[in-house]
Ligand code: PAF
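Just one chain follows, in the form predicted alone, and it is written as structure tokens.
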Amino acid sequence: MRVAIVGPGALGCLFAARLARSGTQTTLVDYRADRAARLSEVGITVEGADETYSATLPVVTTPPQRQDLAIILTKAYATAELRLPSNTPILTLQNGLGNVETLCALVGSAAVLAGTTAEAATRLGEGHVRHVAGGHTILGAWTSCNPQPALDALTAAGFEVELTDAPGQAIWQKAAVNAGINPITALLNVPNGELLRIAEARQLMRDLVVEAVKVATTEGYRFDRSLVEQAEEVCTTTADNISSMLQDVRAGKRTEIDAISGMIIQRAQVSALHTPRTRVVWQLVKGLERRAKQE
């Protein structure tokens, strides 16, 4: 099977290395030609709790044609600019809301698979990541794309994968949890587990998740468990993880706050819902981005 991984970040490198190690013909796509050349030469190294392993694979700047699957792991703000192979199933496991709709506009809904992953990874350097914690990956067809090849490839690579008939619900569920965790870790400059030790941060996290769930409800989604409890479980199981948003802030890069908190605010406005805490953390993280740009 031929799989292209689009995005050389922490999760992109993790998925590419695991797939390549399992025998899947894997190509990593990096829009930066200089970095792509270096990664092609030195490969990817993944540090895990039980083992450290490396994988050497082709790294290119444009997704190759005649792929059996392309997995999108870029930042949400880059989705609209992607150049994707034709006649190829496209699986998004990105953070935030709105990625699926953008991909459907690019390639058509019949080619789109959508889902989420709870795999936690931290970028240590170029092509060097730490696999902080394993997690569940959920995926399904947005309309009619066959999800079985994606399931088979990821399962063979050792990922814990589940098919769903409601990928939109899975995406909203993760977005609500991320809306509670990621902005606060970015603002306080702390790993996930610290949110449970700081009483005020823990309460704010809970309030942010509640606001997100209220917005999801207006779109017809209902959750069979408390997402507040799920957010706290994520903080426990990934206590040492540096959230992707905090990694971006520390690196002086643009964050995905617009695709998470920003999209929740936009969708709340459609139903005239007030999300005051979400708006405040969105404003604060945007302030961090602007300060980093000025520096």
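Computed from a predicted structure; not experimentally measured. Residue numbers here begin at 1 and follow the sequence given.
Beyond the structure shown, there is the form predicted together with this ligand, which is absent from this document and is the topic of what follows.
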Review point. For Lys174, is any heavy atom within 4.5 Å of this ligand in the predicted complex, or not?
Key: yes
Review point. Does Gln67 reach this ligand in the predicted complex, with heavy atoms at most 4.5 Å apart?
Key: no
**Study point:** Residue contact check: Ser243 to this ligand in the predicted complex, 4.5 Å heavy atom
**Key:** yes
Review point. Thr27 near this ligand in the predicted complex, any heavy atom under 4.5 Å?
Key: no
Review point. Hey, of 231-239, 52-60, 28-36, 261-269, which bit sits against this ligand in the predicted complex at 4.5 Å between non-hydrogen atoms?
Key: 231-239
Review point. Is it true that Thr74, Thr92 and Thr137 each have at least one non-hydrogen atom within 4.5 Å of this ligand in the predicted complex?
Key: no
Review point. Pick from Ala111, Ile181, Leu97, Leu154: which residue has any heavy atom within 4.5 angstroms of this ligand in the predicted complex?
Key: Ile181
Exercise for review: Give, in sequence order, every residue of 191-214 that has a heavy atom within 4.5 Å of this ligand in the predicted complex, or say none if there are no such residues.
Suggested key: Asn192
